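This document opens with one chain alone, in structure tokens, the form predicted alone.
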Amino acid sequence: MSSGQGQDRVLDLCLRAGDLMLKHGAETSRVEETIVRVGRASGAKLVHSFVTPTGIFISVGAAGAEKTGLIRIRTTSAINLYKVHEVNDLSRRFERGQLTIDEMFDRLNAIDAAPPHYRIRYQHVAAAISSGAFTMLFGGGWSEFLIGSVCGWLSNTTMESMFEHVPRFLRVFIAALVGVLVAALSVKSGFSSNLEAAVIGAVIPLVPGLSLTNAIRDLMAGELLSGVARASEATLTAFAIAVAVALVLSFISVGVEVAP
């Protein structure tokens, strides 16, 4: 890089790529790797990055003439691993010299503006089917499959309808409360007989699988701060689900049939 303006563009490019990956569900080790790849492919002699689940700090340039920037990540709830893959693939093509910096900016903006790879209604249908499947896996029958599908759809829809308007802990709690309440009422009314399976179906879409997976991957990669932070997020999410289930079951007395 020959000028401060060039350093600014490289810094903005690195921040843009890292921001897109982190807010769409990438683990911090992958984000840092991508930032370094993009910075060096842009001509930066030195590229340092420090990524946490809520912020990205980057320094690029040459010894004694570095530019530093940071960006605050407001939310990481819009999980879209397809966009993570797209940015990662784009960085590798940029590293091979197949794209210019201007083309990188254009492609990143296009990825950010693109709609979800799967429409939201298909995501709700997938949540319903997977919830119903889990009820049968835990000993339920076709009636539990139907109830689990409906409750899983309700939980997922409730979660999405409150996106970014309330804290994640409360979103998970309210969504679990709605799904489990319907499941418990269905058992109490006699439509279903296996409360355990119905409740599992209601909360399956809310289970923090990606947060827990990323926490383990970050810890194994030596990213202790990010790993502990993501593990704490997963724990709080699981706690919100447990509180919702306990509240519903404490107010609605139903017989529980546990699968053998």
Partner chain sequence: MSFPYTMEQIPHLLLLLVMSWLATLGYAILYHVPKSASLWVGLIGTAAWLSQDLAMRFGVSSVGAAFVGGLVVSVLSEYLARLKRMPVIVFVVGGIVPLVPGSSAFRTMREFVTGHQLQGLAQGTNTFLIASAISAGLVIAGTIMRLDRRRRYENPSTDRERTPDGN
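Residue numbers count along the first chain shown, from 1. Please read these numbers as outputs of a predicted model, since none were measured by experiment.
Below, we turn to the form predicted together with its partner chain, even though it does not appear here.
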For this session: Please pick, from F173, F134, F94, W153, the one residue with any non-hydrogen atom lying within 4.5 angstroms of its partner chain in the predicted bound form.
Result: F134
Exercise. Any chance all of E66, I79 and G209 sit within 4.5 Å of its partner chain in the predicted bound form, going by non-hydrogen atoms?
Worked result: yes
For this session: Give a yes or no for I200: in the predicted bound form, does one of its heavy atoms lie within 4.5 Å of a heavy atom belonging to its partner chain?
Result: yes
Exercise. Going by a heavy atom distance of 4.5 Å, is V228 a contact of its partner chain in the predicted bound form?
Worked result: no
Exercise. Taking 4.5 angstroms as the cut-off for heavy atoms, does S232 touch its partner chain in the predicted bound form?
Worked result: no
Exercise. Taking heavy atoms and a 4.5 Å cut-off, does M220 contact its partner chain in the predicted bound form?
Worked result: yes
Problem set entry | Residues of stretch 40-57 in contact with its partner chain in the predicted bound form (4.5 Å, non-hydrogen atom) | R40, K45, L46, V47, H48
